[in-house]
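As a starting point, one isolated chain is supplied in structure tokens, in the form predicted on its own.
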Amino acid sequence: MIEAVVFDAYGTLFDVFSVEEACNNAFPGYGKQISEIWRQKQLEYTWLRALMRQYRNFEEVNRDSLKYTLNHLKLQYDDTTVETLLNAYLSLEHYPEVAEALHAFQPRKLAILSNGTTHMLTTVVQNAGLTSYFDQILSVDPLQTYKPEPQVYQLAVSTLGVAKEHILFVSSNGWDVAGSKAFGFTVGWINRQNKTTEELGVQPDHVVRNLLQLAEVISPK
């Protein structure tokens, strides 16, 4: 029986590519390109820093990834431009079904488990008007590493006081799906873009196109 639902934040609840508008305002014609490279570098830098054991929090990783992107595209920028684009991450758009889906998952315990810092996560959740839905908002910061390290997923188990077998972990990121399933969670993959399943020896328990579909396939508590 599923007693708690734990959500990834970026790409699952919040559309990371909604920064495209801010990017395009700063660099007309480059919005899509910036948002895509920026996102890919974020992921690469979290994995690399975990492997190198050279932790920097996600606010710093986000900044480094953005600066790499602008340098890669040979765009001229100043500190004000960087700060403006970084602030766009605090007001990411949530996917349209999120509020209805979160309501449908209740009365189970609901939590976010993310690579983002506590400040980033609480702010984006508050700006989206979703704070009341969550029992916990968990950042990797206390552990000084990043998903898919098993100890990150254990943080949800320890904090919520629910056995991992009774937690549904929800992500749109294939690598996060694999990591959470290998850890032992029941896993729902929000495959919004019909992507190919990662070949990492594990499979998600549920594959759906959006969060509301997942809420509908999980039996009532």
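When you see a residue number, it is the position in the sequence shown, counting from 1. Only a predicted model underlies this, so the values are computations on that prediction, with no experimental measurement involved.
What follows is about the form predicted together with another copy of the chain, which we do not show.
Just give me the single entry in Val162, Ala50, Leu155, Ala26 that has a non-hydrogen atom within 4.5 angstroms of another copy of the chain in the predicted bound form.
Residue within 4.5 Å of the partner: Ala50.
Tell me, yes or no, whether Lys147 is in contact with another copy of the chain in the predicted bound form, where a contact means a heavy atom of each within 4.5 Å.
Yes, contact at 4.5 Å.
Does any part of Ala178 reach within 4.5 Å of another copy of the chain in the predicted bound form? Heavy atoms only, please.
Output for Ala178 is yes: heavy atoms within 4.5 Å of another copy of the chain.
Does any heavy atom of Glu198 come within 4.5 Å of a heavy atom of another copy of the chain in the predicted bound form?
The answer is yes: Glu198 has a heavy atom within 4.5 Å of another copy of the chain.
Hey, in the predicted bound form, does Arg39 get a heavy atom within 4.5 angstroms of another copy of the chain?
Flag for Arg39 set to no.
With the partner absent here, would Glu59, Arg209 and Val217 each sit within 4.5 Å of another copy of the chain in the predicted bound form, counting heavy atoms only?
Zero of three within 4.5 Å in the predicted bound form.
Mind telling me which stretch in 136 to 144, 83 to 91, 99 to 107, 70 to 78 gets its heavy atoms within 4.5 Å of another copy of the chain in the predicted bound form?
The contacting stretch is 70 to 78.
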